[in-house]
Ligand code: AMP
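What follows is one chain in structure tokens, specifically the form predicted alone.
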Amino acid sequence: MINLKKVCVFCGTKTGNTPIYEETARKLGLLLAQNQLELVYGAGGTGVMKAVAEGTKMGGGRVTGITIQHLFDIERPDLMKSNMDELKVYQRMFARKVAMTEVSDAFCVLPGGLGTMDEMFELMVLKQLGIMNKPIIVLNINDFFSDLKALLHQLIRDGFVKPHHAETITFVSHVEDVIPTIRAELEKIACQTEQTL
């Protein structure tokens, strides 16, 4: 039996150069709400972050924002107070990331900047080391993450990453595939756990 209640979404505080990123984020938020899944995100009040939270609230879903004090002026969580059911504020980035990792059952990565990449790669390393075993779904909107796919293949080809470590993340191309893919991966993890008992 899978336990899926909270999905953490990592994404950017900017909207990007094409409306598709914002539109897809809003649709993902709506899908989370329709599936009775709580959104955990970085509490941003701008960009793609804002869109995913708005989409979740539009669908009647629950939103938890997790941030640090230093980011208040940058990511403007104050703009999202009406769209958040809970706001947690930490002093340090590592504490924020630990909190997001611990409370979430799965993760979805949308387009974003360096912070989004940092969060994604840290999760990949945790999974590679066996410290964390939760689904990490990368939504490859508009081929945004296609170069990341190529980079992973190069890391494997040149002997820096073992082939099975590329499976720490799963790429999907359509927003409608995110939740079914998470559920399928949780089922797979549950079966693997049962087999080792």
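Please read these numbers as outputs of a predicted model, since none were measured by experiment. Sequential numbering from 1, following the sequence displayed.
One more form of this protein should be noted, the form predicted together with ligand AMP, which is absent from this view; the next part is about it.
Inset, instruction - Report the stretch among 8 to 16, 21 to 29, 169 to 177, 182 to 190 that approaches ligand AMP in the predicted bound form to within 4.5 Å, counting heavy atoms only. - result: One stretch meets the cut-off, namely 8 to 16.
Inset, instruction - Evaluate residue 119 for contact with ligand AMP in the predicted bound form, applying a 4.5 angstroms cut-off between non-hydrogen atoms, and reply yes or no. - result: Residue 119: yes, in contact with ligand AMP in the predicted bound form.
Legend entry - Exercise: residue 89 in contact with ligand AMP in the predicted bound form, heavy atom 4.5 Å: No, residue 89 is distant from the partner.
Inset, instruction - Verify the contact flag for residue 52: yes if a non-hydrogen atom of it lies within 4.5 Å of a non-hydrogen atom of ligand AMP in the predicted bound form, no if not. - result: Residue 52: no, not in contact with ligand AMP in the predicted bound form.
Legend entry - Close approach of residue 96 to ligand AMP in the predicted bound form, 4.5 Å, heavy atom: Residue 96: yes, in contact with ligand AMP in the predicted bound form.
Legend entry - Those residues of 106 to 120 which, in the predicted bound form, come within 4.5 Å of ligand AMP by heavy atom: The stretch touches the partner through 112, 113, 114, 115, 116, 118, 119.
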